[in-house]
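Quick setup: one chain, the form predicted on its own, written in structure tokens, and binding and motion questions come after.
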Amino acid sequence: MSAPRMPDETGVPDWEPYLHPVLKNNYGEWAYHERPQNGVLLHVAKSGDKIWTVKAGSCRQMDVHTVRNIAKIADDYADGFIRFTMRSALEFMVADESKVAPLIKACEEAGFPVGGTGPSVRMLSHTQGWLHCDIPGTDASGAVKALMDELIDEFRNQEMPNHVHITTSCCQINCGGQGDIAINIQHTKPPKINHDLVANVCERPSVVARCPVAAIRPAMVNGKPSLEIDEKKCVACGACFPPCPPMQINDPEHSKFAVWVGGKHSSTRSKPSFHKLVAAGLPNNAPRWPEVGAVVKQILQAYKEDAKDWERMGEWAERLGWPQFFEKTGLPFTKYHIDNWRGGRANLNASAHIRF
């Protein structure tokens, strides 16, 4: 029996071999591009070469059957060329215009809706959720499925003032990133500690080191080595739960969804920005999260009706002013929207990781 092949520790593979020949031959030499229809991009090179890109939605977490389906569509209609965007959308590239319509039909029949170009709601991005992550308070991928079912018409049609990025995160660490609309879970109470299990399950120094605000310290409880939390310092982030499951922070009553607005990575027209809280305390109501969907649709409808062309969500809110934003969207302004916490600097400076 031969020895197993060892992995190649070479980092990210080189992208050039995977380029369509038309892209490779005209790299950096493009004359213009346009959108013949939603979900389709046409790039025209200075040489006169043309290439069409058909963009379709997908699930981020796929089984082998789904991957093979996508590969077969690429082989049959797109010369075998396919790429995944950072938001897990599919992009099939073809140099023959006659293949575009059959490719769109094949995508739709296979359950991959075509759309997400121009001023539309793009593919929703999400973090790992219950399937892969060790820290989630909810299933971000499930929330994306529920939301995309609600927003499929906005994905298929180019009727928004600008493109809309929606992100979901399964905890407050928010590896989903900034978005025009961002949805994440908020733990509102410190973890409950099962002191009988800590000594058997947790490596206590690792748990202490994991806390970003130095709110955890070793303790003896009922004669057993355990941990204790300074609840005045704790920001309920949940970072202690993965290295120590007896520090349970997920709670059906106190872990809630929150919706944030106005995040932006790009520097086009305005600077990159963090998103801002606009709704809090929404129930973690799996598997369809109807309350979250209702708030997102409320925000999108107001944005669609009131924003100027090419205004991103945060730019629209800043132009209106946030009091007007709450009036336009009909969202209630509550005490949770007032940033009155003054302990941030002292709390973070107590950490071994952060100083400012």
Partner chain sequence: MAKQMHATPLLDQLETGPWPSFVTGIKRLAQDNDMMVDLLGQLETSYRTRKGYWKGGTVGVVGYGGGVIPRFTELMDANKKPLFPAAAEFHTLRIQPAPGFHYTSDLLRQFCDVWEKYGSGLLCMHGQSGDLMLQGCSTKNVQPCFDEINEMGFDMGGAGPALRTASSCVGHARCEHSCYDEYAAHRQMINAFLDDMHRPALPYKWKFKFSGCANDCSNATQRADEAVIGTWRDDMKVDQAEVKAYVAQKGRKYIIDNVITRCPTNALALNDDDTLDVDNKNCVRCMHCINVMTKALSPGDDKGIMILVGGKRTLKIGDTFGTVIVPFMKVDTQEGMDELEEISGRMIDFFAENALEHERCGEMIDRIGLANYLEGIEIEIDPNQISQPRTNPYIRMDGWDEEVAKWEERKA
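Each form is matched to the other, and the largest set of C-alpha atoms that superpose within 1.5 Å is called the rigid core. Numbering follows the first chain given and starts at 1. This is a predicted model, so every value here is computed, not measured.
The protein also exists as the form predicted together with its partner chain; that form is not presented, and the subsequent description refers to it.
- Under a 4.5 angstroms non-hydrogen atom cutoff, its partner chain in the predicted complex lacks residue 228 among its neighbouring residues.
- With a 4.5 Å cutoff on heavy atoms, residue 109 does not count as touching its partner chain in the predicted complex; it lies far away.
- Mapping the unseen interface onto this chain, residue 172 counts among the residues with a heavy atom inside 4.5 Å of its partner chain in the predicted complex.
- Of the heavy atoms in residue 333, none are within 4.5 Å of its partner chain in the predicted complex.
- Highlighted residues 98, 101 and 304: none comes within 4.5 Å of its partner chain in the predicted complex, counting any heavy atom.
- Of the residues in 12-40, those that come within 4.5 Å of its partner chain in the predicted complex through at least one heavy atom are, in sequence order, 12, 13, 14, 15, 17, 18, 19, 23, 26, 27, 28, 30, 31, 32, 33, 34.
- Taking the rigid core as fixed, one finds a CA shift for residue 277 smaller than 2 Å between the shown form and the other one.
- Here residue 107 does not count as shifted, since its C-alpha moves by less than 2 Å between the shown form and the other one after the core is aligned.
- Once both forms are fitted on their core, the CA shift for residue 73 between the shown form and the other one remains under 2 Å.
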